[in-house]
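In the block that follows, a single chain appears as structure tokens, in the form predicted alone.
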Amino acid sequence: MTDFFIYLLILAGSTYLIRAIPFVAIKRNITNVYVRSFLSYIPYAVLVAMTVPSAFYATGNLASSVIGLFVGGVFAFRDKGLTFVAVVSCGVALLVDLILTLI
């Protein structure tokens, strides 16, 4: 049981340090255009890295997941709303999954 708390403290400390070091190390505003541009894309990259792999296995059928993800991407690039894209891509994935189970 004490090993658990040691591991927990190490994990908490490393997580805290990863978030605290940039605040301590960088005292002034970042004025470099390239660094600011790079930092502005980090939230999107993290969101994609977290959601896309799970989207491939969301239905249990890779074909329906890929088709649903593709349809969602098409509507997202056409500037449709988030709710619309989510509902349409889920509906398409469900429809393809139902068709594939009937075949």
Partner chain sequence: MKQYLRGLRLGVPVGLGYLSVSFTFGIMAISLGFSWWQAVLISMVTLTSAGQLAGIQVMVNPYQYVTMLVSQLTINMRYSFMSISLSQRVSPSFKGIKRWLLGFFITDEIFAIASQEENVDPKLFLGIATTPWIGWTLGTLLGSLIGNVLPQVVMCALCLAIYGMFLAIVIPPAKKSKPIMIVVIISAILSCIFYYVPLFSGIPSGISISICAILSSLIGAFLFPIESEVSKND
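Since we're looking at a predicted model, the values are computed, not measured. Definition used throughout: the rigid core is the maximal C-alpha set that superposes within 1.5 Å between two forms. Positions refer to the first chain, counted from 1.
Missing here is the form predicted in complex with its partner chain; even so, the following discussion is about that form.
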In the model of the complex, does residue 102 come within 4.5 Å of its partner chain, counting heavy atoms only? no
What residues in 88-103 sit within 4.5 Å of its partner chain in the model of the complex, counting heavy atoms only? 89, 90, 93, 94, 97, 98
I want to check residue 78: does it shift between the shown form and the other one by 2 Å or more at the Cα, with the core superposed? no
By the 2 angstroms cut-off, has the C-alpha of residue 46 moved between the shown form and the other one once the rigid core is superposed? no
